[in-house]
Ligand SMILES: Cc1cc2nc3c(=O)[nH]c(=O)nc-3n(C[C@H](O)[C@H](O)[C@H](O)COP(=O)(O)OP(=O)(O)OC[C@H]3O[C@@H](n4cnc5c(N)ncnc54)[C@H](O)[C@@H]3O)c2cc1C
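Only one chain comes next, encoded as C-alpha cells, the form predicted on its own.
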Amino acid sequence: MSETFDVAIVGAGPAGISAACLLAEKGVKTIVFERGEYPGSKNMFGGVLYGHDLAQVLPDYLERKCPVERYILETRLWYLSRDGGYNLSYRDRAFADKLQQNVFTVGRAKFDRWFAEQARSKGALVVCATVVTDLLRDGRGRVTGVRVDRPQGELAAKVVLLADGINSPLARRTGLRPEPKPEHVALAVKELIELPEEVINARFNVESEQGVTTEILGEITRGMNGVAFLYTNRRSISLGIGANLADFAKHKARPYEMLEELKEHPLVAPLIREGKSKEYLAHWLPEGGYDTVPRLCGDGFLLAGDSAMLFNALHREGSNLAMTSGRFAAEAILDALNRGDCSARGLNGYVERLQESYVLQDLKKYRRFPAFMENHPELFSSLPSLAGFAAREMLTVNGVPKKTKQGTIWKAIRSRMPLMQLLRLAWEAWRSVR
C-alpha cells in the first residue's frame, strides 16, 4: 500500500459513499475502507431514505435501479400506553404522485452495496474487510493518511474523511472526537419480519410499492427516553425499539425483551401476525444534538454523518444528514485540492456549507430537545398511562354521565401530575422545538 491517494474515506455508509461518488466523478483519486465484509453488512437503521438528498448525489438514481422497497404514502405517530394508544396519521395523494420519491424504505444490505457500486463505477476504489487502525501524521500533527490492518498497511492521502459511525474506534483512538456520553447515545434493536406482499398491502391499506412509516412513543420503552418504529418494506416489516444508553444502564433493561413486548402490543400484534423473523440487528444512534457536534474539520481531515453526531432526534432523520454532509465534504475537499490547501482553513468550506444548510440549522433549532426528553421521564410513564385512562374512561358507555367521567379523569390526573407540572411540561416542550 505504498500508493498515494488524494482522499481516503473511512466507512462505506451513506456519508462516505456520497462523498466518494462526487469525488470520483471529478477525477479525484479516492479510496474507501469498509470494515465489514461488504458495504451494509455492519450497518443498520430504521430503513428510511430521502429522495431529495440522494438525488443531489445521484440525480439518476432511479435509472440506476436503486433498490427501493416502498415509497411512503402515509406517516403515523403512535403514543402508547401498555394496553392501548393514540394514533395520529397523515396521508396525501401527492406522495403517490408528484412527491412519490420524497421518502422511501430500503434495506441497508442491498442499498449500501448498490450505492458502493455506483462509486466504483465512477472510479472510486472500495476496499472491504479492512479496518483503519490509526491515522498517519506529519511532524506538525497534520493528518497525512491512514494505517490499516493489512501487511504494509500505511497509505498516504491528502485528505482523510471519517464517516464510520458513532461507534468509531478510530475517532476515539485518535482523539478527533470526544467519547460520546451515554446520555447522548441511543441503542436501537430491529427485527425484520417477513410477510407476503399482498398481506402487507391489505393490513396497511396500500397498493404495491406504497408504504407506511410509524414512529412510536410511550410506555413501550418502560419509562426510558426512547422510541420505537414500524416501517413497511415490499415483503417485510421493520420493527425496532431503542432507548438512551444511560437509561439502559440505570434501568438494567434488555433491548430484546422490550422488542418482544412491543410485538405483543395490541396495536402492533395484528400487523405482524404470522410473520417470520428474518433478521435481527442492533445499532447506536447519536442523539445528543447540536451541542454534541464535535470539531468537523482540521488539518487534513473531516468528519461526516454519525461520526460527526449529525442526527435529528425529533424528526428521526439521519440518513439524509449523512448523505448531505458527505456531499458537502466532497465539495469542500475539491475546493481545497484545487487551491492546494488541505489545512483546517482550506477545508473550512465544509463547516460553512453545513452552517448554511438545513443540517446544522435544524440541529440548532432543536438543540434543547434532547435535554427536554432526558429530563422528563413522565413522557414515557405516567403521561401515556393517564392519556390511556382518559380515553378509555370517555369511550366506555356504562350509564355514567360524561361530567362525572370528566371529574374522575381530572382527579386521576391531579393525583399523579399536578397542574403546575403539566404547565411546566407544556412550556418546556414548546421551548425545545420553537
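From 1 onward, residues are counted along the sequence shown. Every value quoted in this text rests on a predicted model; they were computed, and no experiment measured them.
Unshown form predicted in complex with the named molecule; subsequent notes refer to it.
For the candidate spot formed by 13, 34 and 130, every residue has a non-hydrogen atom within 4.5 angstroms of the named molecule in the model of the complex. Between the options 336, 72, 262, 285, the residue in contact with the named molecule in the model of the complex by a heavy atom within 4.5 angstroms is 285. This chain appears without its partner; in the model of the complex, the one residue of 114, 290, 229, 78 with a heavy atom within 4.5 Å of the named molecule is 229.
In the model of the complex, residue 155 stays away from the named molecule, with no heavy atom inside 4.5 Å. Although the partner is absent here, residue 386 is not a contact residue: none of its heavy atoms lies within 4.5 angstroms of the named molecule in the model of the complex. The named molecule in the model of the complex comes within 4.5 Å of no heavy atom belonging to residue 251.
Remark: residue 165 counts among the residues lining the named molecule in the model of the complex, judged by a heavy atom distance of 4.5 Å or less.
Partner contacts here mean any heavy atom within 4.5 Å of the named molecule in the model of the complex, and among 291-299, 306-314, 200-208, 117-125 they occur only in 306-314. Contacts between 139-154 and the named molecule, taken as any heavy atom within 4.5 Å in the model of the complex, involve no residue at all.
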